[in-house]
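Single chain ahead, written as structure tokens, the form predicted on its own.
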Amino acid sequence: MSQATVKRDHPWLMRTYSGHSSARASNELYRTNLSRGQTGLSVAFDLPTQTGYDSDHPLARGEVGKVGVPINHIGDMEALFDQIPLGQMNTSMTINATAPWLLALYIAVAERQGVDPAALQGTTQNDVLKEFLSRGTYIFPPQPSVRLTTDLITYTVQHIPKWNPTNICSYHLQEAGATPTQELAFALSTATAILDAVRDSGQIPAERFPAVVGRISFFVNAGIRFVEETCKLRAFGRMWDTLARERYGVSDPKQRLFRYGVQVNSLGLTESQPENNVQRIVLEMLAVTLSKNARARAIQLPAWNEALGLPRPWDQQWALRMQQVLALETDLLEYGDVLDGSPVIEAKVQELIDGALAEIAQVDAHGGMVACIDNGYVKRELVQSHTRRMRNIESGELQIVGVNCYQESAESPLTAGEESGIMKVDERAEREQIASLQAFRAQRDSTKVAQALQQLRSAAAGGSNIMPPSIECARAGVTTGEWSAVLREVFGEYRAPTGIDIAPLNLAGSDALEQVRARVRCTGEELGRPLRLLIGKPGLDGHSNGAEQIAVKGRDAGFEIVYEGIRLTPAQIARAAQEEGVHLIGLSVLSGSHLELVEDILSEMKTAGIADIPLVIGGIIPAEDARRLQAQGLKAVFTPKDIDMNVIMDTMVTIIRAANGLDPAA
């Protein structure tokens, strides 16, 4: 066959995950990306929006517009999609606990554009179970959270048939430490928990249930071991087909297809020699494109500099161009599945399936996925897997170029200049967002708002579907915080297990760790009691992997650890430090709100009379901000390049000794 007659497959949907500062700034970014060849949208919301707070709530301070776009009401959503025809767009929204609310706003904006909601296409991530395990933007307890997910699924199947109402999201499970086997098992266990809940709710007639299964999609992760990751995705497809056929009786092969979107791995992106991230991203993209029968339906790639801070529009364009070169310039889309028939691939796929089935049996034995969130089984498994990975990096068994091997490097021109290779959110953005929100509240019809909220309260308490009253709330001008506050009253809030209560791993102790243990023990003896370390997660940032690993490592090094999980206020952190008599406070902040949160924590510590307790911080913190924090009195700033946790522990001991008048070097 000549090149001219080759029939190429259609490319996947090409997206970039983006949003920042304000709805108008994000809209400009979206329209720019679409003009450059992006074929779908992937909306990142800021943490207050994800956790159900308005931008002027005290817990939102410093978080507004930092890791996504703030959406407080229908006016914000309308501005976000200004001049973007929703009837023609395929929009993915990374939103979970507040997914019913954001979809309600999207529907209301579509109506204002004159678009029939039945024509809308896109995806709400809406996998709240993984939020309890990895990403931390849950609000309500597991059972009410599953109920809200169920309501959204049933509503869209009945009224928005082209919408993917939930993305069962294994992406963040891998970020939290899941092995490929665990990623398969925990994601499929989540899928069955949600589908069983939909089936048992009685909202969908039995004959229509296959349509529910057919609308379930997945959002997966692809790491650097791209052969294994390709096999994982082939295993996913095979297992999903079997599950849909045998557990749910789906006879139509199209409704049993494993449909997934992907963002390739961000956990493996490094702050050290960040230019290496480019080839990592490209290789990881191969994992989800090489096998035609397991190819992604939509791909969004991280930017090379996400371990440094917020990517600029140019960085996102580079990530989009990577996809376009693969799809348009190579011959990838001209062939059938090039991996079919390979005994090596087949053996690995079967190995992953066998391991995942064994792990699924363990989840079932512990009561199923929802029960495993309450009893902490899955969280402990993830923390243990992540701990093993970190220890392997520490020992050099797992090599990462530029981090623990081949560390010599010329200075990168990509990170030179005033910007340091990243974009910074204008400090005025939060103030302007708050002013806009308050002006919106002042001009709306308060009677309509009150009536809509009462309908929402009645539906939540009475068990009827949450979507119709949520859409009425959107039309009436209810805000994100008001919608969530009503549901908080009805359902309550929740704190998930931390997962750090794992048994010590049977790994050979290094000389470096033994030296730290000796220093911790001797310093405690000199001070008259064991050293106690408080790990604090202030603000709304729920990415707790780093905090958990520091807590586990600190315990292994001999510290007594105080760690109460995510979303602590500055006052709670200061009070815990005072009551627990800690020797050092270690903060973990990855959302970019470090300057504001540290300012508030220092103020609370001064008020509590504990300003002499040393404070350190870890997170994605630009060098300029690190200097500002140290000028305020922080004793150390750790970033992703500080990969050796023995060094981190040793530094903490030195800081404690200096703060207590002991020889720091001893």
Partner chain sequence: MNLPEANAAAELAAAIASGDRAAIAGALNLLDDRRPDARAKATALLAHLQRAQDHATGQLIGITGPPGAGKSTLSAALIRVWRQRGLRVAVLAVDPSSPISGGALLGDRVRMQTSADDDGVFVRSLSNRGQFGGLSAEVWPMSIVLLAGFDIVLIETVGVGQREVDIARLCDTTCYVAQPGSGDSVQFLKAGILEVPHILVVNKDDMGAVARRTLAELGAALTRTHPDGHWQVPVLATSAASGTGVEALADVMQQHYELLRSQQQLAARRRRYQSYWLHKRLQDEFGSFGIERLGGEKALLAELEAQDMNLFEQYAALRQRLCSAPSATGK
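Treat the numbers as computed from the prediction; the structure is a model and nothing was measured. Positions refer to the first chain, counted from 1.
One more form of this protein should be noted, the form predicted together with the partner chain, which is absent from this view; the next part is about it.
Within 4.5 Å of the partner chain in the model of the complex, a heavy atom is found for none of I216, E246 and S291. Mapping the unseen interface onto this chain, I561 counts among the residues with a heavy atom inside 4.5 Å of the partner chain in the model of the complex. At the 4.5 Å threshold, heavy atoms of L568 reach the partner chain in the model of the complex. Interface membership of D556, defined by any non-hydrogen atom within 4.5 Å of the partner chain in the model of the complex, is confirmed.
Taking non-hydrogen atoms only, G396 never approaches the partner chain to within 4.5 angstroms in the model of the complex. When you look in the model of the complex, the only residue of R321, R112, K448, R495 with a non-hydrogen atom within 4.5 Å of the partner chain is R495.
Just one of Q438, Q350, Q578, Q407 comes within 4.5 Å of the partner chain in the model of the complex, counting any heavy atom, and that one is Q578.
Stretch 524-532 is the answer when you ask which of 206-214, 428-436, 524-532, 161-169 has residues with heavy atoms within 4.5 Å of the partner chain in the model of the complex.
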